[in-house]
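Take a look at this single chain in structure tokens; it is the form predicted on its own.
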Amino acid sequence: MSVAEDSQAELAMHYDRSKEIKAFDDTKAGVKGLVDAGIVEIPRMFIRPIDELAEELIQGKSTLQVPVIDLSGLEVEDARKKIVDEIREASEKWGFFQLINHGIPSSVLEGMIDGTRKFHEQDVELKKEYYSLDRTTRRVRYHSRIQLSQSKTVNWRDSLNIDWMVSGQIEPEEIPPVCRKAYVEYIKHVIKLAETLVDLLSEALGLKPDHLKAMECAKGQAMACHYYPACPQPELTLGVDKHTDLSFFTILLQDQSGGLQIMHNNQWVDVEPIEQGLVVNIGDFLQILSNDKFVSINHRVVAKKVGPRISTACFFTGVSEPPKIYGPIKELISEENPPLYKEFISSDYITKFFSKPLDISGLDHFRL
């Protein structure tokens, strides 16, 4: 046993994880609260297992770039065909692409990033009223962990979640005042973009443009507004563990800090921020509907010495109420290409997703 393993084993003997987590939760100050307190060593609950850290040192990192797709000229037939072809290739090979000229004004994007910063950097007493780990009854909630009881370590980030999956809408008064105006404006624009995207994804699958729209794949949205503070020991933790998204697709706005990585050909690839660009990724639900034609890919965020990094993910998860059955699209299935997944109800998938470690794919529960 190495000195490092010896030391970690000794620490584990005297370590009460539940006590440390409770003390952290009780502050309701999040990860930012630790940084504001001036810590120079991160708490034990954030430190990744030693075997995981060792594997990280030998794992390769690619210099490839995630595909960038220009949406300008979408109404012109030839340009649209080119865009659809690019989306098809990116969705099949990468599961990720970046969009430019998507139609959302830069002022709206900047307002969204600024609003997220203002929420997380306001006085902690104002944030506390939104602090909750109850995702079933609180539609607007601030917290610092997800699936903690199943996950090995806590991630180095704070989040504000806004969830209108069930009702299909969120009242502006429910959104914190400090970011309300910016969020309402961004939500309006991002839903409009999603309606365009769902048509393009349908065409990329060889279906009629309104096929996925008719299945209500762009309904049931949830938004996660993340704040990743500067970390004194970034090599020991992650901003968020590797995971796939529980959605049909996700639209992500990120600032210029970097840190998002995706797994491609068994190597981590940096998703370099593009000024005014948006990241789109295929989620588990669309991998199932496409019968593995499109892929939902593992991605993560690394921690950094400098910060904060700010991002906002909007997840499109379909209809939960009343329950709607989804499964491989019959037009994509044949004797040569039989269904690979069981049918599912999105609420069942969501329940299973939150009952497992974040880094374990939910697809396995529904694979035939």
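Here the structure is a predicted model, which is why all the values come from computation and not from measurement. Residues carry their position along the shown sequence, with the first being 1.
The same protein also has a form predicted together with a small molecule, omitted here; what follows describes it.
Pick from Ile47, Ala313, Leu332, Val319: which residue has any heavy atom within 4.5 angstroms of the small molecule in the predicted bound form?
-> It is Ala313 that has a heavy atom within 4.5 Å of the partner.
Name the residue from Lys152, Arg145, Arg141, His243 that puts a heavy atom within 4.5 Å of the small molecule in the predicted bound form.
-> Of the listed residues, the single hit is His243.
In the predicted bound form, Val66 touching the small molecule (heavy atom, 4.5 Å) | Outside the cut-off, so no.
Tell me, yes or no, whether Ala303 is in contact with the small molecule in the predicted bound form, where a contact means a heavy atom of each within 4.5 Å.
-> Looking in the predicted bound form, residue contacts with the small molecule do not include Ala303, since no heavy atom lies within 4.5 Å.
Can you check whether Tyr228 is within 4.5 Å of the small molecule in the predicted bound form, heavy atom basis?
-> Taking the distances in the predicted bound form, the answer for Tyr228 is yes, it comes within 4.5 Å of the small molecule.
Please run the contact check for Leu260 against the small molecule in the predicted bound form: heavy atoms, 4.5 angstroms, yes or no?
-> Leu260 belongs to the contact set for the small molecule.
So which of 332 to 340, 48 to 56, 305 to 313, 30 to 38 is the stretch with heavy atoms within 4.5 Å of the small molecule in the predicted bound form?
-> Correct option: 305 to 313.
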